[in-house]
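One chain comes next, on its own, written as structure tokens: the form predicted on its own.
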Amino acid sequence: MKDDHRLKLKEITLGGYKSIHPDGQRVEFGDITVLLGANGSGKSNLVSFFKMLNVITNKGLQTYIEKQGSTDALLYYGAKKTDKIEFSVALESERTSTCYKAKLVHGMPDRLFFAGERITFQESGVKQPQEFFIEDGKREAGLPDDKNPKSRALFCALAGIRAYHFHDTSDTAKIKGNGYIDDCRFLHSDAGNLAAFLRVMKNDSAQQRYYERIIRHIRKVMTQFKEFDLESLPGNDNYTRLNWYDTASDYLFGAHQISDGSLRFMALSALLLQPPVMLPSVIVLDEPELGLHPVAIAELAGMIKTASAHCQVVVATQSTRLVDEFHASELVVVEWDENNHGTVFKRLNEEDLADWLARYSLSELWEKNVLGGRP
């Protein structure tokens, strides 16, 4: 059952960030939002903005900039071309709407500073919205420290927007290593704590049915999979590892003995099928179909729909197989506009496409360039 009282992401307006022109682009969001576009269109740039937004709520902007190498990596065509990033994030519930606006201005020594944070709160039935301003000129966001109850509710909603990227399945990937058993409150963005995250579900009677649901979905894709062995490691009770058994023997396999696609599907299953009370407010996934078999992609779509009953899901993809699992109204076409010299976002209107959809699938319309978003 959907919770219509929760504060949900309605839209983001963003300008001056990476491939997005300073004039700004507006993107609307629903329970499921599929960002469809070719390589280089700017899908991943919007995903990276979600990551930066999460960093901002954790007061880690300056560290994030250092990891990017310089502000040139974040500003549209670099600091010489663009001196600021402006964005607004609008959220709404049945009775309220809230908007967080901020401006990040370039300054020395190669940093971005908050030159304006504004919160607008509108309650249903009240004509005049309330506005709150936070002190300018700070290196980190003032929102996390603001004590206004409206600010606290907004902060909690923004902090619950989390981007996940399960692409690293190399030999040194954290998902394949030992994990501290108490590191299990939420699944990390790279699924590095997957073993501990699954372990707490398996051992908690209130969560065990969700763990069993995850196992059932993994078996649909990896038929030889039987069960995880998530016991603490011999000689070290504080750590566990993603070990597993197959259906043919009692031989214990490790995470390094799983295909990359299967390992990613395990992480996706744990993320999307976890107990509803543990879900983030918004899950953002960047090309989750990578390395998945068509059968696994269909299962992935089903899991996304299951999760969307309790949280919002944003998916960036160029998989025609995945796109066909959703409705046109859930798609946002992302493309590079030569006239605008930047990324543009266009939400599809299902009624406008009714005649086309009577004869073709969404993937066929994309390939025919009826939807846009093609190279």
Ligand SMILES: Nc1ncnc2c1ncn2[C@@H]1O[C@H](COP(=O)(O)OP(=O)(O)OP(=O)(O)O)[C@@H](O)[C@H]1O
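Given the structure is predicted, the values throughout are model-derived calculations rather than measurements. When you see a residue number, it is the position in the sequence shown, counting from 1.
Below, we refer to the form predicted in complex with the named molecule, which is not included among the displayed structures.
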Subject >> Answer range among 70 to 78, 104 to 112, 218 to 226, 196 to 204 for contact with the named molecule, defined in the model of the complex as heavy atoms within 4.5 Å >> reply: 70 to 78
Original post:
Would residue 287 count as touching the named molecule in the model of the complex under a 4.5 Å heavy atom rule?
Top reply: yes
Original post:
Could you tell me if residue 39 has a non-hydrogen atom within 4.5 Å of the named molecule in the model of the complex?
Top reply: yes
Subject >> Non-hydrogen atom contact residue 19 with the named molecule in the model of the complex at 4.5 angstroms >> reply: yes
Subject >> Non-hydrogen atom contact residue 44 with the named molecule in the model of the complex at 4.5 angstroms >> reply: yes
**OP:** Note that the named molecule is not shown here; using its position in the model of the complex, name the residues of 314 to 328 with a heavy atom within 4.5 Å of it, in sequence order.
**Re:** 318
